[in-house]
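Next up: just one chain, as structure tokens, the form predicted on its own.
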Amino acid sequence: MPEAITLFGNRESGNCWKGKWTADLLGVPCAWVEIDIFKGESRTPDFLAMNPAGQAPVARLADGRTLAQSNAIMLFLAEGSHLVPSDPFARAKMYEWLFWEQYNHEPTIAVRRAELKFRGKTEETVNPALLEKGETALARMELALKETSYLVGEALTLADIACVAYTRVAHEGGFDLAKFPHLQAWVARVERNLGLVAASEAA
């Protein structure tokens, strides 16, 4: 684990919080630099020099090296920690969830939330497929969490941190977590693990 990092992120982005929560949980000092993605601050020359893709978050190490992509940042921070299973199969299952989160979960739940909360769209003008696909993603998690307390067995891993980021605010995208009781209980469990105020209460 690094001695310290600087994290460039936006507080409305679940992706950006993943690295901060991981750093805090592992005791890695993490300085936060707020990037207003809605005002184009992730497209400035200085930011693009850190990440040519123009996306937040970006982690800058003490030696000046930079790392983009939220799950890559988490993996770097958590190398050798209890958040990455030592068992090869369990570790692979964690990766399975990390890949799934970015391909099936975030592009539906986070996008629908952004459309309604930040882009001023209404239920009538949002792509209806986002609700169906998002609920399918939530149902997939519900199925897993009927069997275990966390996504990979009975201990918190990076899979949980990655997937809770947008699940805990899914209601802002019009998703009803009450339909998924095991998932709802898991959100509360992971929020407690991370020392977070419940998203519903914070709102």
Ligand SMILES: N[C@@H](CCC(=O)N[C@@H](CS)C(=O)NCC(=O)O)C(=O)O
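Note that the structure is predicted; figures quoted are calculated from it, not measured. Just count from 1 along the sequence shown to find any residue number.
Form predicted together with the ligand: not shown, discussed below.
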Report task. Choose from 144 to 152, 130 to 138, 34 to 42, 168 to 176 the stretch whose residues reach within 4.5 Å of the ligand in the model of the complex, heavy atoms counted. Result -> 34 to 42
**Report entry** Non-hydrogen atom within 4.5 Å of the ligand in the model of the complex for each of P2, T6 and P29
**Finding:** no
Query raised in the report: Using heavy atoms and a 4.5 Å limit, would one call E115 a contact residue for the ligand in the model of the complex?
Result: no
Query raised in the report: Should L158 be classed as touching the ligand in the model of the complex when contacts are defined as heavy atoms within 4.5 Å?
Result: no
Query raised in the report: Could you tell me if A56 has a non-hydrogen atom within 4.5 Å of the ligand in the model of the complex?
Result: yes
Query raised in the report: Can S13 be called a contact residue for the ligand in the model of the complex at 4.5 Å between heavy atoms?
Result: yes
Query raised in the report: Going by the ligand in the model of the complex, which residues of 92 to 106 come within 4.5 Å of it through any heavy atom?
Result: Q102, E106
